[in-house]
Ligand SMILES: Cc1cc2nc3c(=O)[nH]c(=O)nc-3n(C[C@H](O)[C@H](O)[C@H](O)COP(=O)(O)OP(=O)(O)OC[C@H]3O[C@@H](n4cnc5c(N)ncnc54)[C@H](O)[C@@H]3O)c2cc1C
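Only one chain is given next, in C-alpha cells, and it is the form predicted alone.
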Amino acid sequence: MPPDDGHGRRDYDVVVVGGGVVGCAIAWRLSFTTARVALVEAAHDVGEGASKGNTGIATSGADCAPGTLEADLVTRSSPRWEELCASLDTPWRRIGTLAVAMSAQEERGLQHLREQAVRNGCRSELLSGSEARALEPLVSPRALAAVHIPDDGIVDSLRLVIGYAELAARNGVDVLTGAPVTGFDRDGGRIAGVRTARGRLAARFVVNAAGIEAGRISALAGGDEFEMWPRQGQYLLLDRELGGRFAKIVGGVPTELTRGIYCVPTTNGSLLLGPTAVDSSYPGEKAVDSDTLDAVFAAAQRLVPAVRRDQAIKLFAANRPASDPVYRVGPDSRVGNLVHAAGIRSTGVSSSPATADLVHSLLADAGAPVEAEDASAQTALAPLPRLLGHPDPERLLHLDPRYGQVVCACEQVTAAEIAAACAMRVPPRSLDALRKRTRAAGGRCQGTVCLAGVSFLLSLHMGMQPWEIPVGEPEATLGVAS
C-alpha cells in the first residue's frame, strides 16, 4: 500500500469504487500494469452485492440485443472463460443452455431468439421437443421445441469475484473493504481525492463500478446524473440429489421484459431455480415471500417436472442494478478523470473480462498511466487442492495433514482449506466470506452441523473469540455468550 503523506492520505493513479464482479475485474486488469491502484468496497468483503446473488450463468450472448454494447462485451468475453477461470482457480463448465418452448406462442418466440443468436455470432440450433430431451432427459415431455445454445456455461460467480480480487491484490492492488465512499475532493473539473470511512485516497483517476450505488457515487463526484435502482430476484437452491443429474441449463423463452426462470446446475452440483425480476426502491431489501417462491417453483417445474420442493436447502433474494439505459460504460461528460462502469445488469459476470479491458482502454485514452505492462505481475493463482472430488485424497494428506480434518461434512471442507483461505491477500472476515471461498457451511445442512467447528477455526485465524466472529457484516455476530 502506498504510504500516506502524513495527513492520512494515500496516493493512487486509479481508484476503483465498487468490489463486485465488475469492479474486481477492472482491478484485476489494471494489476497487470505499473499503475498504482486501489479498490474500495463499502461492505466487509468483495462480492457482497449483485455478485453474491446471481444464476452463475456465463452466457455466450445469444440472448443479448444485437448491436448493443452489452452484446459486444458478452460475446467478446465468452471465448475466454476456460483460460480465465483456470488462471483464477474458479470452477467453470461450458455445458450449454436449452431455451424450452412449452406452448405455441413460446415456440414462435424461439425464432426470435435464434435470429438474435445468429446476429450476435453465437452458435445455436433449433430442436424439436424430442431432440431437446435427447440432450437433457429431465426436460418436460410436454416441451414442443427448444433452442440449444451450446457455448453458454456455468461459473462459480463467488469464486470468480474472489479470484479477480485475490490476483489483483497479489499484484499490488490495495483492496480496501469496509470503506464506503463518503465524498470526493475536487480540483477544478477533476477529482483530486476519494474520501472513505477508512481515510482519504488521493486519486488521479476514478472508476465508478458501484453497482446499484453508481448513480449516487456519480452525484457525489459532481458527475453525470443518472438513476440506478434495485431489481430483486428470488431463488431456491436445491440439493445435489437432483442438480447432479442435469446436463444442461434449462430455461424458458426470453421475452422483451425478462430472461425468465432458469433451472441452473451449479459448478458445485446443486441446482438453482430463478430469478424473478421485480423493481424496488430499497437496495437493502433481501426478504423472500412465499407467493413469489411458489411462482418460481411452478415455472421451474413446468420445464422440469422432476423438480421437487422438498429438495430445497436454501431460499434467498438478491438485488441487481437496474437503469435506463443499461451498460453505461464510458467517460463522464462533466468530470475529466471519472470513468463509469455502471448500469451493468444481469450479465455483469458474463461481460466482466471484456468490460475490464474496455475500462482499461478508456483510462489510457484519458491519460491515465495504465499503458505500461508490469513484466513481473503474477498471471495466475496456484490452484488450491480441495478434498471434495479429489482423485487422490491420500496425496492431500501427505501435502498437509489438516486435509484429514473434515470440518464441513456436506461440502467436505477441511481445516487445510480454511487455513489456506485465511492466508489469502483478501482473506475472509466473516463466516459468509469464508463460505464464499471454501463453501464451508454452504451445503445440505447450511451450517446446522458444522457451524461450531467452522466458526472455531475461523476465530483462531482471526484472533477472536468464536462468539465474536461476524456472520456477515461486522455488527452481525453469532450472538452467543462467552
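For every residue, the number given is its place in the sequence shown, counted from 1. Since the model is a prediction, treat every value here as computed from it, not as a measurement.
There is another form of the same protein, the form predicted in complex with this ligand; it is not shown, and what comes next is about it.
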All of 236, 429 and 438 within 4.5 Å of this ligand in the model of the complex, heavy atom check: no
Residue-level question: is residue 62 within 4.5 Å of this ligand in the model of the complex, judged on heavy atoms? no
With a 4.5 Å heavy atom cut-off, would you call residue 49 a contact of this ligand in the model of the complex? yes
Even though the partner isn't displayed, in the model of the complex is residue 417 close enough to this ligand, meaning a heavy atom within 4.5 Å? no
So, in the model of the complex, is residue 168 in contact with this ligand at a 4.5 angstroms heavy atom limit? no
The unique member of 124, 319, 77, 218 whose heavy atoms fall within 4.5 Å of this ligand in the model of the complex: 319
Partner-free chain; cross-checking this ligand in the model of the complex, the single residue of 181, 261, 407, 303 with a heavy atom within 4.5 Å is 181
Where, among 50 to 58, 27 to 35, 439 to 447, 419 to 427, do residues come within 4.5 Å of this ligand in the model of the complex by heavy atom distance? 50 to 58
Does anything in 17 to 40 come within 4.5 Å of this ligand in the model of the complex by heavy atoms, and if so which residues, in order? 17, 18, 19, 20, 21, 22, 23, 40
